[in-house]
Ligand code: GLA
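What follows is a single chain, given as structure tokens, in the form predicted alone.
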Amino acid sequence: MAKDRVVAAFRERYGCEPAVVAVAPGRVNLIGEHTDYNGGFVFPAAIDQELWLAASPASQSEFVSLELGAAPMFDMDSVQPGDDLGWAAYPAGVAWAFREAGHRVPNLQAVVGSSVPIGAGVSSSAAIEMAFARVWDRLLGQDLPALDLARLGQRSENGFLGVQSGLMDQMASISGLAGHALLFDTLASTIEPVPLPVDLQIVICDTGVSRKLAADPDVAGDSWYNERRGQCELVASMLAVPNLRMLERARLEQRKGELPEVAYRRARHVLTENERCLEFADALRRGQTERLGPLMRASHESLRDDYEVTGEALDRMVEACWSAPGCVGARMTGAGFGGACVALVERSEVAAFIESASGAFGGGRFVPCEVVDGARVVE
């Protein structure tokens, strides 16, 4: 069990019991991609690919990952954006966000163990952020609402790591509910849990292609993400709305000729994706699973053609899934440019689905997932 492995590693390294143990899941987004930072709708679910954290207060922060090794030691009172901390920049950024919000968090000695795939579009970053957020919240005795902790994680990404991400990943990781996907209205910051059909299973279909290796060759590093966000903000500014959520599709089409062609297509994706997200939720509520596949296909095609964030590997993986036995629907999930697809598959056909899709794609990693509760301290 992952918990036992992490606690045993903590005892061996530090010679004592951890003061707090927490777990945080990765997430998969079923539909609603690149809409969260535009005030739109998203539809994630927390999955049983999880990160475990054992920690105790210490005089200086020392973090060890069972998968990635030890990070440089540092002090919570002085950590700043730009510090070279390796993978520990994610929890350090959360500590910085706590400090910015007026909460002085203690240094920790900590051991982390994770089954959340890195770079596969299932948000390993949000899992580590929300696990540490839960631990610090417990040690501070604050009992902050999940939304507040999620916003600290987002603040960390935006202000400490320099990635202008939305709030979806952190909210999905900390607010997950077993057996349910979460219809998250990012503008109102409200969540509606919607039950998933028990005869369907989520399968993560990882291409094995790192996003960093597959990123837009015309844009350095991961700044393609910020570039697309900027294109959406340009349309909102030109059409005098606070964000694209407030823009009606008819008005976008009426003003199309005034907009840069690429920026128009980015906005068209966001507006049509919001519509698909709401239709997806309606289909689940009504038990109309036959509607799910066309919506997921349309989402992927929009991400491929209008938002241009799929890439050759993701497109091949999705096509392999579409033709596999038992596939109700499939699409890329996560930021894009490599990473993974998500498929909804009939439970009775999961083995046949994986065999067929793997053969058609020529490899890949396929992970059947259950939908679980969100980040929490484990007593």
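Here the structure is a predicted model, which means the values were calculated and not measured. One-based numbering along the sequence shown.
Although it is not shown, the form predicted together with the named molecule is what the next lines describe.
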The named molecule in the predicted complex has a heavy atom of only one listed residue within 4.5 Å, and of Y225, Y264, F280, F160 that residue is Y225
The named molecule in the predicted complex has a heavy atom of only one listed residue within 4.5 Å, and of A335, C327, A313, I354 that residue is A335
Problem - Exercise: L167 in contact with the named molecule in the predicted complex, heavy atom 4.5 Å - result: yes
### 4.5 Å heavy atom contact, D36 and the named molecule in the predicted complex
yes
Exactly one listed stretch (316 to 324, 55 to 63, 26 to 34, 340 to 348) reaches within 4.5 angstroms of the named molecule in the predicted complex by non-hydrogen atoms, and it is 26 to 34
